[in-house]
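Here you get one chain, nothing else, as structure tokens; it is the form predicted alone.
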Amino acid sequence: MPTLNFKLNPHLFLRDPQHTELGQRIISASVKLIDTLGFEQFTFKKMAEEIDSTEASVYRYFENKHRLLLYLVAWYWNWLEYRIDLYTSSLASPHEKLKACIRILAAEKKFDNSFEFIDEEALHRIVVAELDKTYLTKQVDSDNKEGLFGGFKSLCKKIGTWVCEINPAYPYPHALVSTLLLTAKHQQFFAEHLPSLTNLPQVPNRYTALEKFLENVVFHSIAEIHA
């Protein structure tokens, strides 16, 4: 069992998989298979075979694979906010907090043994590759009304608060922060698959380059508008 759990929106699931052994196996297998196969080729049947269970058992936790993807992405944003809180709680100034936040966003994601049933490195690759599929849908408005994007919004609000503290006159904190989070994802995807669309190198120091790029975008934007 994990040492920590996140309280996620109950509309994301029929039964929270964090709290049962089977549920944790479902999450672990879904991360592995979506990372390996891609979301389009992933099915509950394949996952049930992976965990030596039945499709019916999976449907007791999630009504469909889109809700499962929403759950995984929501868990990821909660985990990221948890890590940001961990590394910024002792920092005094919003400038220091924002720099630390950008460092965490840009850093290579590795397995976190506080949550043994999830491979965060694989989950990060899923978010990079599949995030757009969670909200570029016909049902985005109804999903939003149910609060299914709460994890992303919560993180944006936290980071946006630091932006406003640094420059209260800056008029676009929400736009800047949501752009920051999506840019971090897009640039990593481009570096891996479409290198002509980015200046990040295809070598391990891409994470340092991404951090510097994000800092440049964010702090120049905040500083350039004073009224």
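When you see a residue number, it is the position in the sequence shown, counting from 1. Computed from a prediction, not measured in an experiment: that's the story for all the values here.
The following text describes the form predicted in complex with a further copy of the same chain, which does not appear among the structures shown.
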Subject >> in the model of the complex, segment of 57 to 65, 44 to 52, 22 to 30, 181 to 189 with a heavy atom within 4.5 Å of a further copy of the same chain >> reply: 181 to 189
Subject >> Distance check, residue 83 to a further copy of the same chain in the model of the complex, heavy atom within 4.5 Å >> reply: no
Original post:
According to a 4.5 angstroms non-hydrogen atom cut-off, is residue 153 in contact with a further copy of the same chain in the model of the complex?
Top reply: yes
Subject >> Partner proximity in the model of the complex: residue 117 to a further copy of the same chain, non-hydrogen atom cutoff 4.5 Å >> reply: no
Subject >> is_contact(residue 220, a further copy of the same chain) in the model of the complex, heavy atom dist at most 4.5 Å >> reply: yes
Original post:
Is any part of 141 to 155 within 4.5 angstroms of a further copy of the same chain in the model of the complex by a non-hydrogen atom, and which residues would that be?
Top reply: 141, 144, 149, 152, 153
